[in-house]
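Coming up is one lone chain in structure tokens, specifically the form predicted alone.
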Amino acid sequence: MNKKDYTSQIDFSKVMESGDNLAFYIEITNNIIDYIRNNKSATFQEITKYVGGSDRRVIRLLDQLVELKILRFYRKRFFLRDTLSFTNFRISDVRCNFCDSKIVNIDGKLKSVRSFVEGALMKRPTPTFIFDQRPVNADTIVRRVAYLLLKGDAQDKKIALIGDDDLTCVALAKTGVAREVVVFDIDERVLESIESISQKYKLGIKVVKQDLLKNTPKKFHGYFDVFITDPTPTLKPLVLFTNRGLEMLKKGSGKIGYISLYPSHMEKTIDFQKVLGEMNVLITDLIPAFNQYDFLEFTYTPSDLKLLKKYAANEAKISFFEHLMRIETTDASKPIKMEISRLDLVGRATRRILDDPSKDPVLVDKQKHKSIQKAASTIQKLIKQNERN
């Protein structure tokens, strides 16, 4: 049976909420089969981490492959019914298990920082899709800091975090190596949480409430050595966040930006590469699957949770991952002109929860999060106005 036979048997309407990503999930199916064929077997988490797709859609897809007897599930691992292998080497034989193929070590001196981060994350605000928040896990936060340290991008540097619902700033400040750490975010809950942690542990983190569609304060133009950002992984949000980062960096070559892109649950696009070229920045590093995004139980339907219990009951879970990209400025680096509106920052997940606010726990609590309710109302009005036009 070839790969075309596999995909022809699957009812992809049971995998996706809409048909927008059909070609992508056909490709994911083939990639899952290739991965298992070349690695003998795999767990759900391994497939999510190293193949791609959204965790909810992948677990539905795996269930179909098991039901169709293309895969079998045995002792917490997925196997191909057709056991033919093309290689004597498994992928895991060549992957670095020590660093999980992420280059950096977080089990040495950074172990205490990780413990501190785990405590801080207990105070992290509940994510809301109104601001398209999908926080990364504790390992990713510490790995980000480790990578900055590895590259010399944290030591004695002024660092801007453009959006930080992850609380990466807490890990960065805890190392004590940066000259200054400043967080720019639109979510008051995030800023209050960071401020509270910073004051309690004397971390010296500064916070600025910032709507990126509006100009950043002039005093921060040309101020920083490094920026870190994790925008919604579509073109205009990436341009907006990166533009603001470039505005904040000191002039001249050799200044650094860290950006997340190429999410595992969406098709890759060359558009990102094109706009970065227009900005005249160098892409110096690109590490696959570096950013691992936390499992959010409230995004699962009851039927999805049953599948999760069936196939991944005892696994640490990851929703999806993105690549970590490091860029370096040149003397010609500059923001680019692109018309960007509020609606351009509204992703599919935000639109879904606006149709059904019960799927977002922050929207459900109307009294506690009035600023979020206000932002949701503004977006809804813009959507309706756009539909009328």
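Note that residue numbering follows the sequence shown and begins at 1. Small disclaimer: the values here were computed from a predicted structure and weren't measured.
The next section is about a form of this same protein that is not shown, the form predicted in complex with a small molecule.
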{"query": "Triple contact flag F131, L212 and T232 to the small molecule in the model of the complex, non-hydrogen atom at 4.5 angstroms", "finding": "yes"}
{"query": "R342, R351, K40, K334 - the one with a heavy atom within 4.5 Å of the small molecule in the model of the complex", "finding": "R342"}
{"query": "Contact of E322 with the small molecule in the model of the complex (heavy atom, 4.5 Å)", "finding": "yes"}
{"query": "Distance check, V207 to the small molecule in the model of the complex, heavy atom within 4.5 Å", "finding": "no"}
{"query": "The small molecule contact in the model of the complex: F224, any heavy atom under 4.5 Å", "finding": "no"}
{"query": "Exercise: G163 in contact with the small molecule in the model of the complex, heavy atom 4.5 Å", "finding": "yes"}
{"query": "Partner-proximal stretch of 71 to 79, 277 to 285, 180 to 188, 108 to 116 relative to the small molecule in the model of the complex, 4.5 angstroms, heavy atom", "finding": "180 to 188"}
